[in-house]
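Single chain ahead, written as structure tokens, the form predicted alone.
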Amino acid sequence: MSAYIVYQDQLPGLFRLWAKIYKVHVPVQTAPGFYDFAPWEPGGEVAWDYDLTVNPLKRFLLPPREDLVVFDARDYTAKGVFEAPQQLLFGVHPYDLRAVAQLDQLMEHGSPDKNYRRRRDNTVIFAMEPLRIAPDAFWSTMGAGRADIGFDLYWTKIGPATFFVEVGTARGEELLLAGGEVERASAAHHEAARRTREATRRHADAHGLKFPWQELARVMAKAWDDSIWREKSSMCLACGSCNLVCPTCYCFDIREEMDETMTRGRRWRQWDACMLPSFALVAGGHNFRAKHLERYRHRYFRKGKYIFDMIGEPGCVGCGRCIKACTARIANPLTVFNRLWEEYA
């Protein structure tokens, strides 16, 4: 894998070049202790040391609300809507990269989601090694501390103003060299990057699962009737925040509406959340998961077993967003998984 050295004073020029082709989004601080991805602006400050963004990246690939079809009731015609802007996401941490890779698999599963696929094809991802670990994060023990695929470039800060940049795709290398010649990484630079990543991993490993994540589905299979579901769900407010901030939740609802003339209409989708009481409500008024307990348990089985059974990895990357977002402090996969391990290992 090719690697280069980029100095921080080269970046403004590169950002300007990339912004001519793509909508460039970078991590920024939005309030003390809070970060999010926002459009890059000349002179704007990039939050190189962010620990976690409030919102996941899925909104760039699966927008919260998206038109799918427009139709005309007068001549019974319909046309698909595909909006796929050219976009570049700079500074994506490996656990979010792993979440995108998981969405790539799930959205291809069964009937491929063409809207997602077109957005994904038009998205360049420049990953970045984390410099700080969020207090609730446990991604390192969920197998999401390092991603070998899914990025165009992978940036590791090895000095105060020096980046070691690994090439993931030809598209990434072309964008890196768009401004002219870039220094090739030496053996010493490779060693510096390795040491940086090892230090990050040692820090991240200090907080996490007490068992190999590969055992999670087996443990979950024994836990259907465990008391933890009633204990935790009794405090659930059914707000759905854990679903909305989760980088791997991808459920959506589809609706249709006519315009005021009742001649033209559109079909659109918006994010849905399995923790909301309406999620499993069907025609006739029956609700397959009417109780808090049923919804809470379903979410953890989805993350710990159902997704695992489909693609061989858990549907949780350990980012810790749900822990931070939950006002009742019950959305904590780490606590739940570790307790179940102690009971059923």
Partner chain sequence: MTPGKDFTPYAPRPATLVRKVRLSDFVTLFEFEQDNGRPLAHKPGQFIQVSVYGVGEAPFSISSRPKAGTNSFEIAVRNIGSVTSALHALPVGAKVGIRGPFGSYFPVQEFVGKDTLFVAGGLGYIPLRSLLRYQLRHRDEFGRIMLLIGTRSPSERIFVDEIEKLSQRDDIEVMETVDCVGDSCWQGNVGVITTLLPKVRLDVENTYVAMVGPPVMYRFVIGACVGDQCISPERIYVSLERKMKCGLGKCGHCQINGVSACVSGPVFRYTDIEPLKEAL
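Just so we're clear, the structure is a prediction, and the values are computed from it rather than from any experiment. Numbering follows the first chain given and starts at 1.
If you look for the form predicted together with its partner chain, you will not find it shown, but the lines that follow are about it.
Would residue 31 show up as a contact with its partner chain in the model of the complex if we use heavy atoms at 4.5 Å? Residue-level check for residue 31: no, no contact with its partner chain.
- Message: in the model of the complex, is there a heavy atom of its partner chain that lies within 4.5 Å of any heavy atom of residue 80, even though the partner is absent here?
- Response: Yes, residue 80 is a contact residue.
So in the model of the complex, does any heavy atom of residue 250 sit within 4.5 Å of its partner chain?
-> Yes.
Q.
When the contact criterion is heavy atoms within 4.5 Å, does residue 149 count as touching its partner chain in the model of the complex?
A. Although its partner chain is absent here, residue 149 would stay clear of it in the model of the complex, with no heavy atoms inside 4.5 Å.
Checklist entry - Is its partner chain in the model of the complex near all of 41, 182 and 184, within 4.5 Å of a heavy atom of each? => result Answer is no for this spot.
Region of this chain that lies against its partner chain in the model of the complex, out of 226 to 234, 198 to 206, 159 to 167, 253 to 261 [heavy atom, 4.5 Å]: Of the options given, it is 253 to 261.
Just give me the single entry in 218, 132, 114, 171 that has a non-hydrogen atom within 4.5 angstroms of its partner chain in the model of the complex.
Flagged contact: 114.
Exercise for review: Consider the chain as shown here, without its partner, and state which of 239, 84, 106, 177 has a heavy atom within 4.5 Å of its partner chain in the model of the complex.
Suggested key: The residue in contact is 106.
Quiz prompt | Contact set, 255 to 279 vs its partner chain in the model of the complex - heavy atom within 4.5 angstroms | solution = If the 4.5 Å heavy-atom criterion is applied to its partner chain in the model of the complex, 255 to 279 yields 256, 258, 267, 269, 272, 278, 279.
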